[in-house]
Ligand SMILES: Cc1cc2nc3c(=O)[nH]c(=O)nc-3n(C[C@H](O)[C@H](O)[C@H](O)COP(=O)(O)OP(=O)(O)OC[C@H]3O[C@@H](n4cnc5c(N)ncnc54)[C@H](O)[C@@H]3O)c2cc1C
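Form predicted alone, single chain, as structure tokens, below.
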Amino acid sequence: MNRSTDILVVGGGLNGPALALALAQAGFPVTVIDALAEDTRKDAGFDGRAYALALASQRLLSAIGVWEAVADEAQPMLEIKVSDGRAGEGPSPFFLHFDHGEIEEGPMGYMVEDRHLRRAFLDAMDASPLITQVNGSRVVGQHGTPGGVSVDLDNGDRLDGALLVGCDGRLSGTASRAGIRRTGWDYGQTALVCAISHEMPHEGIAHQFFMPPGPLAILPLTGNRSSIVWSERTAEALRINALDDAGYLEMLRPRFGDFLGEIGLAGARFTYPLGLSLANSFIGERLALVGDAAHGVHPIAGQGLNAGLRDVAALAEVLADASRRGEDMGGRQVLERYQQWRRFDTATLALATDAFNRLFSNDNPLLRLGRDIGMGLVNAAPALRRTFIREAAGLTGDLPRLMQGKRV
């Protein structure tokens, strides 16, 4: 079977559907291809994963018609507390405290569980007449055609389009088939990810506790629950993950502390190796990369999905504007505008997360003293603190229209 569309999107996780919905709003027919069956992606079982959506990302979801479906399940992040210390010893007296009351826009962001966000995207795509979904099929080949691009699927079908967008993760087949190389390295760390229940309310406060092996993020979910992203040296992380639930919690408690009372597991447990992975180019011949396919960074600042959604907003705006001007949306000049918009921002994010991880994931006494004094100075400077809060909310830089809550 041979089918034609305007834009082919490979990857139906979160960035792919977000891009498809934004482009469909602008009038583009889009086909989204994902290797997983739709029922698998709609599974309502809570698996412990959740995302910290910056305020600007929430505005994008609102603009593309997804936010209303998840708003009741979203937990506002009202404060962020950042501290440094060792497991079992508690935090140092120097810390950062960001409060949403210092900006006018509202909460800095929201925590949304994967199960709610993924289903909302799938339902919204189902409701769009301009979006075709191809589920349970893998792309096994791609090549240019006169004025377009084709992909071959493992079921024998061929799909044609004017532009191919890879939203297929750090191991992007779209990028590798196009000959786009990557730069990066492994951190020797693995993230332990789960959700926990706790006795006391979290009050919408997110915590980032830096320890020598890596940071522990405690992120508020609805009810008396929190999402945990706990970084350890890889060998230790795998040892901890191999423990039963009781042993796992025994290892977590001295790191977590008792400020929320007794804790328990509230879902499945996962591990993810941590590293940096940047595509050497975000574009190719009639091809663009979005999200982790373009840039995979350390989760230390919780900006992975937010950076991907900013890619979505920028690419959708570039393509919509090009179409209105009568330009070939798959042309090199058009795609260069997307790359120029996003490349510096993502490189800066990658370098910042890399530097923070190296600075804080160690027990060097001089570095500990320097970073603690630095946090204390930032915390004591209201103007600087406000700048950090706006950065965390995604409100700085050249914001695409979708990130301002406007349609493309």
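Predicted, not measured: the structure shown is a model, and the values here were computed from it. Residues carry their position along the shown sequence, with the first being 1.
The form predicted together with the named molecule exists for this protein as well; it is not shown, and the discussion that follows is about that form.
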(request) State the residue from G302, P213, G85, G284 whose non-hydrogen atoms include one within 4.5 Å of the named molecule in the model of the complex. (result) G302
(request) Could you spot which one of I80, V151, L274, L289 gets a heavy atom to within 4.5 Å of the named molecule in the model of the complex? (result) L274
(request) Tell me the stretch among 374-382, 32-40, 62-70, 357-365 that has any heavy atom within 4.5 angstroms of the named molecule in the model of the complex. (result) 32-40
(request) Give a yes or no on whether each residue among F28, L122 and G161 has a heavy atom within 4.5 Å of the named molecule in the model of the complex. (result) no
(request) Would you please decide whether R138 lies within 4.5 angstroms of the named molecule in the model of the complex, comparing each non-hydrogen atom pair? (result) yes
(message) Can you work out whether A50 and the named molecule are in contact in the model of the complex, taking contact to mean some heavy atom pair no more than 4.5 Å apart?
(response) yes
(request) Would you please decide whether V10 lies within 4.5 angstroms of the named molecule in the model of the complex, comparing each non-hydrogen atom pair? (result) yes
(message) Please tell me whether any heavy atom belonging to N306 falls inside 4.5 Å of a heavy atom of the named molecule, as the geometry stands in the model of the complex.
(response) yes
(request) Let me know which residues along 13-27 have a heavy atom within 4.5 Å of the named molecule in the model of the complex, or say none if there are none. (result) G13, L14, N15, G16
